[in-house]
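There is one chain below, alone, in structure tokens, taken in the form predicted alone.
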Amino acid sequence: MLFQGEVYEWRVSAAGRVNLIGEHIDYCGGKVLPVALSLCNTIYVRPNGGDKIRLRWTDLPHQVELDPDRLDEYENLPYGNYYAGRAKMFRQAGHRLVGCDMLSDCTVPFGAGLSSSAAIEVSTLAALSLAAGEDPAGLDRKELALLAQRAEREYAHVNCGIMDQYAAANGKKDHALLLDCAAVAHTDVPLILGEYTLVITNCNKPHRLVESKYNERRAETDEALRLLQQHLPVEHLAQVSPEQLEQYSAAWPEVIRRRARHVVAECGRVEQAAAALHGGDLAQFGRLLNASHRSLRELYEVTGKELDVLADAAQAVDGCLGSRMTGGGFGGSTVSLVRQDRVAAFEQQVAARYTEQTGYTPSFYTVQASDGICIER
């Protein structure tokens, strides 16, 4: 909530996201199927007439002041580094950066694999745009997503794909985005779930993406692409068919072969999942979720005990059509398709089994597909 007596000019929010299917293929040029969530990061912003960017948070006692002429110095600044990195990219892209006050309120749980970072990044860039007097009707959501991705790579040193930031900026209520990560373009896929709903389960195991094996997986898929390019005129691993992969990968190191097999098969599952949603075949969609998790566990090896226990427990519940890990892995969350009248039983059964086997207590979020950026004067 706002602090008593404070008045801001704009309220701008950007959504967290859950990727329904298509994991670890965005940086391989594949198509993914994320939805923007009702969980979001909201920034209240006003120009302050000065030359400093002043930051506050609704749930933290800290206050941070950024000097636009010293943005390179804030990489390790607690709480303020993400905002400084986005301000730097915003200015480098040719936008006017003005002094402003920003109050941030985030409902996306941190460390849950729901991309709180992308929600913060995109909302910060949109807020800076509004503070500078840019027309909200002309907000270029694709540009904001690309700037946020660039800041993630160059300032936070996470070699991420475009999916998280793009979904945070371009999400559409009651739709998933079939996002072509190579072309950076999407089509809307109706998400009509009827008597079913999406349930996010956070494993609540502490993890940090930078310290995980995310960059290692990127290097492994880059190596697979390099090997394939000796035989095929391809720019992205996602362009390779299963038959081509099997033809040329027989002599590869086994770990590189497994990583590539996941990417190529997962690309096919995304297309099948979009077709299933268009056709209203939720049972098939659920089967694809389960197959995706198996591949992430056995071929890509990014799940870990906690996410595997959550997925296995969810898949065993009557009324759950499918469940898989979502996000970077090594902790984070699962996404499950659950019948609405079974959600309470689902949470009870999954929590009991998970806590017994891991010692952690999970958190549950029943979510809807929402708009990405929302602006209110």
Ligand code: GLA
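What you are looking at is a predicted structure, and each value in this text was computed from that prediction instead of being measured. Quick note: we count residues from 1 along the sequence shown, nothing fancier.
What comes next is about the form predicted in complex with the ligand, which is not displayed.
Of the listed positions (F346, Y27, Y44, F330), a single one reaches within 4.5 angstroms of the ligand by any non-hydrogen atom in the predicted complex, namely Y27. Among the residues C160, I200, V240, A112, the one placing a heavy atom within 4.5 Å of the ligand in the predicted complex is C160. Considering the ligand in the predicted complex, the lone stretch of 268-276, 162-170, 83-91, 242-250 in range is 162-170 [heavy atom distance within 4.5 Å]. The ligand in the predicted complex is approached by Y214, whose closest heavy atom lies within 4.5 angstroms of it.
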